[in-house]
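Just the one chain here, laid out as structure tokens, in the form predicted on its own.
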């Protein structure tokens, strides 16, 4: 580890803001030694805000039908081999009821940009979930919508919205998406969500095609300035039915390194140890937790559809990552010295300030 990298780590630990150039130098300076030092400091920062707790969210993948044709995604509209499904509102409510019985107090409704899920469908559904379980949080991850739609969903009771920005570099965004999709519109959606009072989540893939350390530095700088309540990052994994089928997967080690940087950039941020980490490496999510993550999202979707929500190849979709195997998840989280809790798990912004 060079003296420059050590100095940058010290700046992060002291809550001093980094420039884009400094983030790039820190990324380029990755080594097992710097990763170990960052992870140790990230765990300390997490403990100061969240103690030893890891929040569990019940993930419900409501539809794999999507109007978009993103070049990396297995549920892109042009994938004719994808076995499509859509949960009914009644099926979604059964999932939330089952999740509540299991102890979950946050439900994440995630899906492709499916035209069926209009405000007229979603608003009554959100109200029913909140009426049945008023002590729970409802998180949506349903892509780009209008400001008015976001407002109606918020008024219906939605608490949080996850919308990965994908990349803070506009040229890189164009490489990953079809021409009709706009980087500026994606960023406008994030700012609209913030203005409406949502707890907002953004994020990006690590190792996506065409990505450079400079692009990753821009992502980190954007996140430091935007200060999302949540940030989801995971390694890129190719899908066989996309134009990027032959591209190499991203790195678990670099993803964990970036998780540590994010934790130190904003110790209050909610950071998931993603399914993609566990897909590439059996202990990938544990490594994410050791790097500073503090959220795990087990699957509450009906078992028959879990394998159909295939954003990338070989996604783990049965067994210990399912919400029903609660004891298994708790044991895995305990194996790295942490404790699974199933509260709403709101961000603790009143416990400290982050570098911006």
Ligand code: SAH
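Note that the structure is predicted; figures quoted are calculated from it, not measured. Numbering follows the first chain given and starts at 1.
Not on display, but discussed next: the form predicted in complex with ligand SAH.
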| item | value |
| --- | --- |
| 4.5 Å heavy atom contact, residue 236 and ligand SAH in the predicted complex | yes |
| Residue 166, heavy atom within 4.5 angstroms of ligand SAH in the predicted complex | yes |
| Contact flag, residue 311 vs ligand SAH in the predicted complex, heavy atom cut 4.5 Å | yes |
| is_contact(residue 272, ligand SAH) in the predicted complex, heavy atom dist at most 4.5 Å | no |
| Candidate stretches 285-293, 303-311, 46-54, 26-34 - the one whose heavy atoms come within 4.5 Å of ligand SAH in the predicted complex | 303-311 |
| 279, 141, 106, 211 - the one with a heavy atom within 4.5 Å of ligand SAH in the predicted complex | 141 |
| Partner-contacting position among 268, 79, 199, 110 - heavy atom within 4.5 Å of ligand SAH in the predicted complex | 110 |
| Residues 73, 186 and 205 all lining ligand SAH in the predicted complex, heavy atom within 4.5 Å | yes |
